[in-house]
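For reference, the chain that follows is the form predicted on its own, supplied as structure tokens.
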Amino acid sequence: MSEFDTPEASTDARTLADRVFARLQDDIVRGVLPPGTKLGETELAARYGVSRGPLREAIRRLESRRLLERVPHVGTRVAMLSIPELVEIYRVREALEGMAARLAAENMTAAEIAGLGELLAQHERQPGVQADTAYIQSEGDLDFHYRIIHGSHNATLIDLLIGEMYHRVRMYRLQLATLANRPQKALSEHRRILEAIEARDGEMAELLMRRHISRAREHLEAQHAASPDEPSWTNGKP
């Protein structure tokens, strides 16, 4: 057995793969590596300071989340979604997250609801929100939508929404977050959803969540109408 076959070496490799996976995913989601960007292993290994083994493992995991894709004669690149494809996903989100909001109003604990209120208070203090220039939500428990989905306490719904769809949509949500005059409106919509959940009004919570997501979808559809020949949302970059 070589030193690279030991359990300790295997654990170190997995840990390194986890780290580069998290960093690469964050760069994709935040648009540092915009949709369509071609990724070479040599450049990525140098960028993240890792060897090819952990990097390839991270790439495989990101391909499974459909954030990266292999294209014949091109290689690996950041996945691209056309605006019509993204609109389709938003329609699914509208239905499923509406259901999640209804169930959250019925099933969230008092502590979970209080935590949701504290999260929105944190969001309100963001300089970008106060200036109405950007409303940026980190992933997981720092994301209002993520909290509500988990607050549904429905394992099937959580599995559908917190997985491939969540991460693919998140990079586009971050770009929508900087639309003019939208940040404060989005925060206000979040507060109204929270109020419905606090009141245990599942019907209103579902209605407000569906409206909230449909407004984002309408922005996408308006962009597509304005630039119908644009193949994908590229964060203003080629």
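Because the structure is a prediction, the values reported are computed rather than measured. The first residue of the sequence shown is number 1, and the count goes up from there. Whichever C-alpha set is largest while still superposing within 1.5 Å between the two forms counts as the rigid core.
There is also a form predicted together with the DNA; it is not shown, and the following applies to it.
The three residues E41, R56 and G75 all sit with a heavy atom within 4.5 Å of the DNA in the model of the complex.
Distance criterion of 4.5 Å from any heavy atom to the DNA in the model of the complex singles out V50 from the list L187, I213, A196, V50. With the partner left out here, the DNA still marks one of 165-173, 204-212, 188-196, 33-41 in the model of the complex; by a 4.5 Å heavy atom cut-off that stretch is 33-41. Along 192-222, not one residue places a heavy atom within 4.5 Å of the DNA in the model of the complex. With a cut-off of 2 Å and the rigid core superposed, E43 has a Cα displacement that reaches or exceeds the cut-off between the shown form and the other one.
For G53, the Cα coordinates differ by 2 angstroms or more between the shown form and the other one after the core has been superposed. With a cut-off of 2 Å and the rigid core superposed, R77 has a Cα displacement that reaches or exceeds the cut-off between the shown form and the other one.
Whereas the displayed form keeps them at a certain spacing, the CA atoms of D159 and V20 lie at least 3 angstroms closer in the model of the complex.
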